[in-house]
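Single chain ahead, by itself, as structure tokens, in the form predicted alone.
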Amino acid sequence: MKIAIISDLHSNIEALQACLSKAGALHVEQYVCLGDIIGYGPNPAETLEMVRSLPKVVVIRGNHEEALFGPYYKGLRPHIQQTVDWTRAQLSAQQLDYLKSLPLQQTVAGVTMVHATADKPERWAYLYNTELAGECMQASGTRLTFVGHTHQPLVYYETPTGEVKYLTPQAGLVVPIYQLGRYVINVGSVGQPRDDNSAASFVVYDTDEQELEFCRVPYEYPITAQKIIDRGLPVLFAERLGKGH
């Protein structure tokens, strides 16, 4: 079975539509969203409903969903709080209840799905090095763990000697999953990539072949950027779409 794993959509429906078109061409049968459906972008309600309509979809809570309800909001910078407030106002009571109900972590097809890290997922830590990735591996109850949050696609893997290393995947790269060792796979961001590449990012996990395909999908980011400006959201969130950081 092929599972498309998406994360950090950030209310960017143009990027999501492009990724879903690519996933359909790859004959994906199930979807997992690792959170941050909303935040930063101009179409929170529409993006959420599109995610909820996906086949066999499993959805995890991200920190931007958390910001709608909990004390996490208080630690955010003012321009991000502004966007959270605007986003909350765009969502119906039913949509807000749905987002509030999302789990922090879930096991799908025998692998761990979490937004930030399996090591205390409620702390929203960023996995930026092999040491932190190793802690995530230790905390995870499965050999594979899929994460988002950093907006940068990356594969951390454990060597036969127990050392944790990483590789930076290229678009279209197929990564085999070996039986020995553990993995933490960052799927990158659909709606706001931050690896100097404006193309939307997601991963397809083939459970039968035990391999990953990293996908990068160009989309019409100027349309999204203009909507951000038109809605009075911080211009920074529009400018970074084309820069990819």
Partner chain sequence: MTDEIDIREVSLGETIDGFHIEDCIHESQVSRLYRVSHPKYDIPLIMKAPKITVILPSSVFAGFETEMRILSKLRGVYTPKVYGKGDLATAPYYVMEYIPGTALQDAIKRAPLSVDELCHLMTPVCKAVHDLHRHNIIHLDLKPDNIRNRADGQVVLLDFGTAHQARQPDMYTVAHEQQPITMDYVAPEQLFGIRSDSRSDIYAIGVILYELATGQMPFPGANLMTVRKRLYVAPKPPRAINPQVPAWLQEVILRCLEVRPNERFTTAKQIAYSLAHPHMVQLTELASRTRRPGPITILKNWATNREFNFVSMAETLPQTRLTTAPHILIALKLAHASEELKAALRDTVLKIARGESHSYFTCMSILPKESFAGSGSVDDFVNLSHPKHIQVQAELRHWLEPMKLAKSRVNIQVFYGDPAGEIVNYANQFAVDHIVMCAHRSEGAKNMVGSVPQRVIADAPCSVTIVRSRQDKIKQV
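Since this is a predicted model, take the numbers as computed values, not measurements. Residue numbers count along the first chain shown, from 1.
Omitted here: the form predicted together with its partner chain. The next part is about that form.
Asks: Tell me whether Glu66, Leu96 and Leu99, taken together, all sit within 4.5 Å of its partner chain in the predicted bound form, counting heavy atoms only.
Replies: Checking in the predicted bound form: none of Glu66, Leu96 and Leu99 is within 4.5 Å of its partner chain.
Asks: Under a 4.5 angstroms heavy atom criterion, identify the one residue in Ala199, Leu54, Ile177, Val204 near its partner chain in the predicted bound form.
Replies: Spelling it out, the residue with a heavy atom inside the cut-off is Ile177.
Asks: Let me know the one among Leu76, Leu167, Ala125, Ala109 whose heavy atoms come within 4.5 Å of its partner chain in the predicted bound form, would you?
Replies: Contact with its partner chain in the predicted bound form is made by Leu167 alone.
Asks: When its partner chain is placed as it is in the predicted bound form, which of 82-90, 128-136, 113-121, 158-166 ends up with heavy atoms within 4.5 Å of it?
Replies: Looking at the other structure, the answer is 158-166.
Asks: Check Tyr31 for me: does it contact its partner chain in the predicted bound form (non-hydrogen atoms, 4.5 angstroms)?
Replies: Output for Tyr31 is no: heavy atoms all beyond 4.5 Å of its partner chain.
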